[in-house]
Every structure is written in C-alpha cells, then in structure tokens.
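Coming up is one lone chain in structure tokens, specifically the form predicted alone.
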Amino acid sequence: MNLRPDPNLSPSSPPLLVAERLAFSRGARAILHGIDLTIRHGEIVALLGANGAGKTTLLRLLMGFLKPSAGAIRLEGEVLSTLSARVAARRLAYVAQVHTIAFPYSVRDVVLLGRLPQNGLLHAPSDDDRTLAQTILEEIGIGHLADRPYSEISGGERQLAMIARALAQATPILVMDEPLTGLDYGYQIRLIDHLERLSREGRCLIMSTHHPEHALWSATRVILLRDGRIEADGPPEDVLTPDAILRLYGVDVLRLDGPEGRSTFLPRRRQIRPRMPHK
C-alpha cells in the first residue's frame, strides 16, 4: 500500500494551496489583511511572527476551520469552503498547539485516528493501517511508546503522537502550529530531519515557529508575518536577517553561519529594544 505523495512531482506542478487576498476580522478588530500565498509540492514553509501577528489565525483559515472575512482559498484547484470535512481531511492534516484526548487511548490508537478520513468511521483499522502507524512512530523516535496510554506520557511525547496521527492521514499537505514546542533537543532535531525527508518525497509542510534557527535549518521558504500582513516571503537565508529579527521581535542579534547550513542567532545582551511598529 503506497501512502506517500508522488516524489516525481516538480515545483512546476500545479500549486497545492492558493490563498487570494485573504482577510479575517474578529468583531471590529482586523487580524489579517490581504494575504496572498501560493504553496507547492515539496515546500517546507516556516511562518514566523511575534505573538499576536496572526500566525495561528492564518493556519486555521488555511485548514478551513475559520471562514475568511474576504478572499478565497483553493485546495488543489477547488474552493476549500465547498469541500466536505472528510474530503478536506484527505488533503490537509493539522497539528494544533493545544490538544486533548478525552478517552484512554494508547499512543498507537491515537495515531490510528489519522486513518479515519481514509477508512471512514465504520471500518476498523486494517493490518496495513497498524503497520503504517508503527512505522511512523518508529520514524519519529517514539515507537517504544506505542502501547503506553496517551494520558501517561509527557507533554513533548504527546506532541509527537499528534504529529504521528497527522502523518498517518497521508495527506499531501501537513499544517503544524509550533510543532517543536515542548520537544527536547534530541526530538527537535530528529523531527526536523524527518520533515526534510517528507519534503524530498513531495509532501508540503507549513509550520509556524518562534525559533528562527529551526526555519534556517529546515525550511525551503520563510514567511514573516507582522501585524496581520506578510512582510517578507522568500528563501530562509535571504529573509532571516538580523534586521528582520529586530523588526519582528525587538531583539538585536548576530547571525552565526556554521557548517552544513546550520546557522544560528546570538542575541546581543543589553541591546533589546521595543518592537518596531508596522508602517
């Protein structure tokens, strides 16, 4: 059973996801303004911005969980709002910042929930589904937790279980809201390596993060969001500059370029400034 997206898809293939002049308001407060995005196969898109910039709102709009105040979203050429929840779940998987499981499931059972969009509610998981779930757990480093109750593992391990559940959906697009939050350093590096492998296989990943280093290490594209607008969009090495970090977070940094593209930022102590207002 081949559950991987076609690795032969090229960047010239039709876009997977397109947002056109997307806007969102909550009451009188405008949160997003005129967002234009085109997402293609094999991209790892990192979304950065300060708290309140609109990152989570944008991701929830792209998933269809929120209705835009203006603009439209197209998923593989079809208007997202016209698709049923099950059809959309076969194309888009989501990992939220906060998640709860009310029932005493094992970690393996949580991952198998990701097969529901493919199988439907009335079909029990197949042997292939169980093999897939165990393979994904092994690939992200928590295969040893498969039989443990989800409620009894650590917060970081729960985050990895939810990522595994999203991967089990086998969708061409994976949307993740701060997926590395709560993971220890080893899990962070292993997950970044796994996401890079998925990208090479043709899957598209869109993730928000508060860590510019993670974007430098793994993303093929970085989008900076400030005050609900896209301020920059391009290759990480071009977009993630010390000036950009200062504008977003009000912190003066040095960018240190190490071997194999593993760059990092070093804050200048005692040079933290107020965030610059958007002009």
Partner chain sequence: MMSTLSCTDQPIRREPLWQTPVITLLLVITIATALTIGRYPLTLGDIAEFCLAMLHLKPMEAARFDLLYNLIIEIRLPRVLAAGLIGAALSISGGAYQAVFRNPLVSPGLMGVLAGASFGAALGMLVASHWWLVQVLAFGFGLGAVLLGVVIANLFGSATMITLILGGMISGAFFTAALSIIKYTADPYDQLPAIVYWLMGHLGGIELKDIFVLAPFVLIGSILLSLLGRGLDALAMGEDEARSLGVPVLPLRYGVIALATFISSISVSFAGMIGWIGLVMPHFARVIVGPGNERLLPASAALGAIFLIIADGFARNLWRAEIPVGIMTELFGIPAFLVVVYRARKGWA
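Everything numeric in this text was worked out from a predicted model, so none of it was measured. Numbering follows the first chain given and starts at 1.
Although it is not shown, the form predicted together with the partner chain is what the next lines describe.
- Only one of I192, I153, L83, I101 comes within 4.5 Å of the partner chain in the model of the complex through a heavy atom, and that residue is I101.
- A heavy atom within 4.5 Å of the partner chain in the model of the complex is found for exactly one of G141, P125, G71, G182: P125.
- The closest non-hydrogen atom of Q169 lies within 4.5 Å of the partner chain in the model of the complex.
- Contact annotation: I245 falls outside 4.5 Å of the partner chain in the model of the complex, judged by heavy atom distances.
- In the model of the complex, no heavy atom of I206 sits within 4.5 Å of the partner chain.
- Although the partner is absent here, R60 sits close enough that one of its heavy atoms falls within 4.5 Å of the partner chain in the model of the complex.
- Across the proposed site, Q134, L198 and E201 without exception bring a heavy atom within 4.5 Å of the partner chain in the model of the complex.
- Along 113 to 129, residues L113, G114, L116, P117, G120, L121, L122, H123, A124, P125, D127 each place a heavy atom within 4.5 Å of the partner chain in the model of the complex.
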